[in-house]
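Given next, in structure tokens, is a single chain: the form predicted on its own.
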Amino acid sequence: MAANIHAGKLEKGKVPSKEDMMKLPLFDKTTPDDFGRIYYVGSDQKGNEIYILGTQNSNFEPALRSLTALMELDKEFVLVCTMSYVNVVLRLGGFLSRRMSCPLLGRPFVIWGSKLAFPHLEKLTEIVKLESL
């Protein structure tokens, strides 16, 4: 959700509706096969590309930094971990929806937890934008 806020796909200052969330390509639709994969979300107002990476509590930052050095890529990047914004309601919903393959039970919790997290994720994206000037 933070990546979509940063990319301007969710309206600032307005907690998204269930419909707005469900329009997001990967919202509550990932599978265990998605962990470790990088997905393009969009670009911000400055043209910076925004990606997401599902890590299942792993730290990929050292590996990504090493790979960019090995490949002699000169692009700078900022990695932002949003796990501290995953509240207990989101955890429960994610477990029921994705892990137990029961979105009928889990998705309402995912949506509720996402709405609770939205203001905090919005603040986070503003901080990231300011720091990456």
Partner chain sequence: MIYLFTGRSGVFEPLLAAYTYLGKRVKEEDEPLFARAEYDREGFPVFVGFDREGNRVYTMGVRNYKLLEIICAELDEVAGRNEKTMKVIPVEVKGEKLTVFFTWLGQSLHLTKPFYFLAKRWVISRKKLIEEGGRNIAR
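Numbering follows the first chain given and starts at 1. We call the rigid core whatever largest set of C-alpha positions still superposes within 1.5 Å between the two forms. Predicted, not measured: the structure shown is a model, and the values here were computed from it.
Same protein, other form: the form predicted in complex with its partner chain, not shown, and the subject of what follows.
Checked against its partner chain in the model of the complex, the candidates 88, 64, 81, 102 yield a single residue with a heavy atom inside 4.5 Å, and that residue is 64. Heavy atoms within 4.5 Å of its partner chain in the model of the complex map, among the stretches 88-96, 22-30, 68-76, 104-112, onto 68-76 alone. Residue 43 falls outside the set of residues with a heavy atom inside 4.5 Å of its partner chain in the model of the complex.
In the model of the complex, 35, 36, 37, 38 are the residues of 32-47 with at least one heavy atom within 4.5 Å of its partner chain, listed from first to last. Once both forms are overlaid on the rigid core, the distance between the two CA positions of residue 74 between this form and the one not shown is 2 angstroms or more.
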